[in-house]
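Heads up, the chain below is alone and in the form predicted alone; it's given as structure tokens.
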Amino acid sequence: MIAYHNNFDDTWRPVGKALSETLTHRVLVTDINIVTPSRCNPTRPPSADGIDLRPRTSSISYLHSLLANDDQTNVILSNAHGIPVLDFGRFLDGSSKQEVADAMLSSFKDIGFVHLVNHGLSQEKIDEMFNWSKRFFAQPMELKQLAPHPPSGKHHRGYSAPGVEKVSQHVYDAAEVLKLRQEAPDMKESFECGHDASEVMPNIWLPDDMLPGFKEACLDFFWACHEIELTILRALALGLKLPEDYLVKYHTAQDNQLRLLHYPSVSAEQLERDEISRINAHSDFGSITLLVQDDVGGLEVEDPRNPGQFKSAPPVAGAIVVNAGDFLMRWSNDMIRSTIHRVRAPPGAASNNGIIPDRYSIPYFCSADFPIVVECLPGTYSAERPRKYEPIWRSNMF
């Protein structure tokens, strides 16, 4: 007997559980095959009523594996275009800590991204930060330039005007970056800050009498994001079967980066022709990145199984997007993915006159402490899966 459905995980799990309980006592495991689209014989598809007489293959193990992970599905609320949406509140309240941790690690292994709802960062605080962001970017250019981002791309602080930066994937030659920027400038502006005691990257603020309250709002949001970062790192450690504070101990300096981003409205035709860009395809350098965004959309994530093919990742109401960075991928011996992503025109977003609306987002880039030696995490290597990387100083990685 074969049961067939386009989405087994969502629809057949309750049926599968009942079938399993019944069939365990009545038939051999080879007598049932639960067929998903990826397992179907393309030359002989199932019949319209879902029953097929193809030779039996044992897929009861697939059903049992899903049932074994049933606790994990209790914390997975949905799947948004291939990215799981997890109820992180079940980790925060302690009711399903291990299940959340396992589901998050599984998503990081699979696609490198996850949506978290009930994450502990209040919507009121997020809305307030977006209001300050819009107020800042609405200021005259000459005022914003009073907090200039240094020419060096290594000091991530201050304001950058549209077209000044060019995001690229592992292009470090200045002449090549200039060429890319001239061909298709990034039409975005940004303001970046960290904590005020940082010696690695001192902050660059507007003069005190300009936009009063902006500095305090940025610092308050920075520290709120930092608390969420630490909790996510604890969950990730549990998923990796490490002590809960294992990763937190490597993130004590708080040399992170809060970036306010504004993508001005642009021509959809220019974007399609690659005459301009919003943010080109790239991965993030650090441990993890937290992202809050408005409802305009435009984020796209590369399909790990089809390099060069990108899937839209529309906003999920109330969710923080979390993705793994290059550092975490190396640290995990490539068990975790640092997935390429970009920002383009969201599907169907162009207005009647062909203009893509403004977009606002706020990423928070999290980095491990610089003066540490990085070696593959315990449990990510074995005799069958040897270490891919030798130990290296964190400060020498990028």
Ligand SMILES: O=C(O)CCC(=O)C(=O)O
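As the structure is a prediction and not an experimental result, all values here were calculated from the model. Start at 1 and count along the sequence shown; that's the residue number.
Form predicted in complex with this ligand: not shown, discussed below.
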{"property": "Residues Arg337, Cys376 and Tyr389 all lining this ligand in the predicted bound form, heavy atom within 4.5 Å", "result": "no"}
{"property": "Sole residue of Ile228, Val301, Cys218, Leu261 within 4.5 Å of this ligand in the predicted bound form, by heavy atom", "result": "Leu261"}
{"property": "Candidate from Lys97, Lys134, His282, Lys125 lying within 4.5 Å of this ligand in the predicted bound form - any heavy atom", "result": "His282"}
{"property": "Contact flag, Pro346 vs this ligand in the predicted bound form, heavy atom cut 4.5 Å", "result": "no"}
{"property": "Contact flag, Leu291 vs this ligand in the predicted bound form, heavy atom cut 4.5 Å", "result": "yes"}
{"property": "Contact flag, Arg359 vs this ligand in the predicted bound form, heavy atom cut 4.5 Å", "result": "yes"}
{"property": "Proximity of Arg330 to this ligand in the predicted bound form, heavy atoms at 4.5 Å", "result": "no"}
{"property": "Among 196-204, 103-111, 139-147, 274-282, the region lying within 4.5 Å of this ligand in the predicted bound form by heavy atom distance", "result": "274-282"}
